[in-house]
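Shown next as structure tokens: one chain only, the form predicted alone.
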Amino acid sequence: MRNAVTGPAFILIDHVTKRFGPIVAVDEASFSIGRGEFFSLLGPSGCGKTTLLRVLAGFETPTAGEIWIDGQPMATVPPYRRPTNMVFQSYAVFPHLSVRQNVAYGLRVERLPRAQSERRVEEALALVQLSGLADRRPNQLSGGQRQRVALARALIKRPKVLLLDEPLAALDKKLREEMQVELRQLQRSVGITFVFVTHDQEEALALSDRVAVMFDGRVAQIGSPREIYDRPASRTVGAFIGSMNFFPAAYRGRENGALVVDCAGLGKIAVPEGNRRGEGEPAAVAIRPERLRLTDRPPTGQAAVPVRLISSAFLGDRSHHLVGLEGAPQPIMVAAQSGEAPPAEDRPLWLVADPSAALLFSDD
């Protein structure tokens, strides 16, 4: 096996490219997915994540590169013979069949004995908590219940890999969050590999063991949710994952093991290692809103800069404050826990930044 990545590979995506005429939908993707891993492909619409999932399923043929699953090359294996099954955003359940019949449909081609088939249907229904709804039609179910039917129908065939193409996107926020918890518990209970496509950053961070962030057909970064959030590999990744404040800066050198930059609005600060160009070249300092703090009194022994409050938004578990900072090209977002007192609009405010939380990027 030509292994373009290191480590044990249950799924190996080896230099896969997919073109549609002049359009390059997937560009030289190379990475591995471990057995039993919950792996997400995350990116904006049109980045190539669904195309890559369809290549894995065999619905699309790669223009170049190879797919291996469990040590076997998939180049000549048709979709119906691959050890995969797919769950779509649209549920794709049959409206004229009951829940039980929908779930059993996946076993029809296997021609199992009736007793064995019925037992597997009951096991699949119990797995997705639909045992009491087996005789209902899809139009009698909620969106979340219909998605469980689709999951049960895919799992009943006992695939080695379950491919999920934005399966929760059609649900409202509360139901989507409930289904995220259920989906993660389900994956842990069945122990099979999930490859999950989503454009929702919070969803990918909440569900995944690892995340591949994609832009314009290319994989920009792969890592655990915490690695992706805390140590984005580029300004593009940092801006896409969660909220981020960017300050224009210029790299000035190194002092005491840290990088020194002139940062618009914040002045001269020392930041940890980051990707950078030569001295004097344009750069950007990035700080998450929750790593900034507002105070109505200048703190002792900490660098602080005066700001003016523009607006505040109460979001339940937290609040977001937009502040104006002289020298900064756009308002700065500060996140505060809901228990913290809101800043007073008629009093002076200072912004306190934690330099250890700052990231330095080339200003591409």
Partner chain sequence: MIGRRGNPWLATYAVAAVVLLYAPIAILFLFSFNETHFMAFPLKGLTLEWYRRMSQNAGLFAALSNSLQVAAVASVAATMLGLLAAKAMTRYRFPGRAASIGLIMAPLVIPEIVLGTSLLAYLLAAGFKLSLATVTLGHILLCTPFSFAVLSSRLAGFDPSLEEASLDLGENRPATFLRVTMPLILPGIIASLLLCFLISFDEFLMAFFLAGTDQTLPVFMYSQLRFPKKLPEVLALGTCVILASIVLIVLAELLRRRGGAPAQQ
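Note that the coordinates shown come from a computational prediction; the quantities given were computed from them, not determined experimentally. Take the two forms, find the largest set of C-alpha atoms that superpose within 1.5 Å, and that set is the rigid core. Residue numbers count along the first chain shown, from 1.
The form predicted together with the partner chain exists for this protein as well; it is not shown, and the discussion that follows is about that form.
Visitor: Please identify, from 166 to 174, 228 to 236, 124 to 132, 104 to 112, the stretch that has a heavy atom within 4.5 Å of the partner chain in the model of the complex.
Guide: Contact criterion met by 104 to 112 only.
Visitor: Check for me whether the partner chain, as it appears in the model of the complex, comes within 4.5 angstroms of all of 86, 92 and 146 - heavy atoms only.
Guide: Judged in the model of the complex, 86, 92 and 146 all sit within 4.5 Å of the partner chain.
Visitor: Within a 4.5 Å heavy atom cut-off, is residue 73 in contact with the partner chain in the model of the complex?
Guide: Flag for residue 73 set to no.
Visitor: Looking at the partner-bound form in the model of the complex, is residue 157 within 4.5 Å of the partner chain by any heavy atom?
Guide: Answer yes; at least one heavy atom of residue 157 falls within 4.5 Å of the partner chain in the model of the complex.
Visitor: Do residue 79 and the partner chain share at least one heavy atom pair within 4.5 Å in the model of the complex?
Guide: Looking in the model of the complex, residue contacts with the partner chain include residue 79, since a heavy atom lies within 4.5 Å.
Visitor: Closest heavy atom of residue 256 to the partner chain in the model of the complex, within 4.5 Å or not?
Guide: Because no heavy atom of residue 256 falls inside 4.5 Å of the partner chain in the model of the complex, the answer is no.
Visitor: Please check if residue 226 moves between this form and the one not shown, taking a CA shift of 2 Å or more relative to the superposed core as movement.
Guide: Comparing forms between this form and the one not shown, the residue 226 CA shifts below 2 Å.
Visitor: On a core-based superposition, does residue 78 travel 2 Å or more at its Cα between this form and the one not shown?
Guide: After core superposition, the displacement of the residue 78 C-alpha between this form and the one not shown stays below 2 Å, so no.
Visitor: For a quick test of reading the superposition: does residue 170 move by 2 Å or more at the CA between this form and the one not shown, rigid core aligned?
Guide: It does not reach a 2 Å shift.
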